[in-house]
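Have a look below at one chain only, the form predicted alone, in structure tokens format.
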Amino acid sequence: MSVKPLAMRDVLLNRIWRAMAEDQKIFFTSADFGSPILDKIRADFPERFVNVGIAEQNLINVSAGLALEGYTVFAYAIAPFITMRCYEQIRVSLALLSEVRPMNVNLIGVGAGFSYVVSGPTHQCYEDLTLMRALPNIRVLSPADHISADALFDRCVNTLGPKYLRFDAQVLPVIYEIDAPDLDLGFHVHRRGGHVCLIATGYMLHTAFKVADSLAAAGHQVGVIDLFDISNFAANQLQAVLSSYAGIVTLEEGFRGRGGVDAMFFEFLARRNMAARMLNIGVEGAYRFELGSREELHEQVGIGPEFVLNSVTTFMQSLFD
């Protein structure tokens, strides 16, 4: 029996709501961003819920203060606003302060990439991977379905330090129908084989599967890896997995060549003296105001399945020229 797809935020908020009944140290803060499940949290635990209004800078400072008092804090807002509107507060009150004081603040950013597709570039989020991974002490978590998003709850509660949860706003197909991924590894190997491995995070894992299926139909096997922990994956184990590949392709729903996952892997390969060549696939560095489906927009900016398939095919051919 297949698992019904759910929204990432709904499964995590449900976990938080249930846990707040047992754990008096869980506190929830919101920047005027709601959901039906959030209404239950506000109604059942009004003494541990604060809506700071449309004031993300205040959201971060209030959350940091609560964390210094011993609370496990979940702060909730739309992805571009909880990262870019309050970046200095994240740097000073979370990244910097957590170096000297124990604290647990979990930023839930909803609307990764193009998932708010009809809202345009103000509400879409292509920069957060670059910005959040640039800060020391911030753990960046980027699940690809609601099962992996749900599994992150235990990591949020049981691990000290600031974390950024990069959630899709849309209901995505279920990938982990049987078991959740191993959080200690920070990545999950879905497919092995061939000379090229696709490493994707968040929504782009679904694109990686489509591309891998098309290549398999043409007789070309490729590896597929879900990288859901951007900043704290098991590096030695990942190196061991990648050592058999001649080429590595990174896929991210963020700007290409501007310090995101691709930059991380260029450095990863260089520092570990790995011989594999790399192709980085991400959004071209421009903002678009056109409306359309997510699939249409992805093709326009260079991360749609057809565009990626052509790019990977050319890359595979170049490896043996």
Partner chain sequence: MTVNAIDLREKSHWVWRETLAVHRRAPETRLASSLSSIEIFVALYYGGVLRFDPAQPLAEHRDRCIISKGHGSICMYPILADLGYFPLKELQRVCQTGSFLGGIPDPVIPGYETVNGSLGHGLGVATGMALGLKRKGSDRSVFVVSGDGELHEGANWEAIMFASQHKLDNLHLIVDDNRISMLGYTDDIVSHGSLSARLSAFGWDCQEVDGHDVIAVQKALLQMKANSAEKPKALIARTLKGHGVPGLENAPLSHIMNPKPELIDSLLEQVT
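Computed from a predicted structure; not experimentally measured. Numbering follows the first chain given and starts at 1.
Note that the form predicted together with its partner chain isn't included here; everything after this is about it.
The candidate stretches are 260-268, 53-61, 33-41, 288-296, and the one lying within 4.5 Å of its partner chain in the predicted complex by heavy atoms is 53-61.
Site annotation in the predicted complex: the residue of L160, L96, A216, A235 reaching within 4.5 Å of its partner chain with a heavy atom is L96. When you look in the predicted complex, the only residue of F81, Y245, Y71, Y116 with a non-hydrogen atom within 4.5 Å of its partner chain is Y71. By the criterion of a heavy atom within 4.5 Å, R101 is counted among the residues contacting its partner chain in the predicted complex. Residue contact with its partner chain in the predicted complex: I26 places no heavy atom within 4.5 Å of it. In the predicted complex, its partner chain sits within 4.5 Å of a heavy atom belonging to L66. In the predicted complex, its partner chain lies farther than 4.5 Å from every heavy atom of A240.
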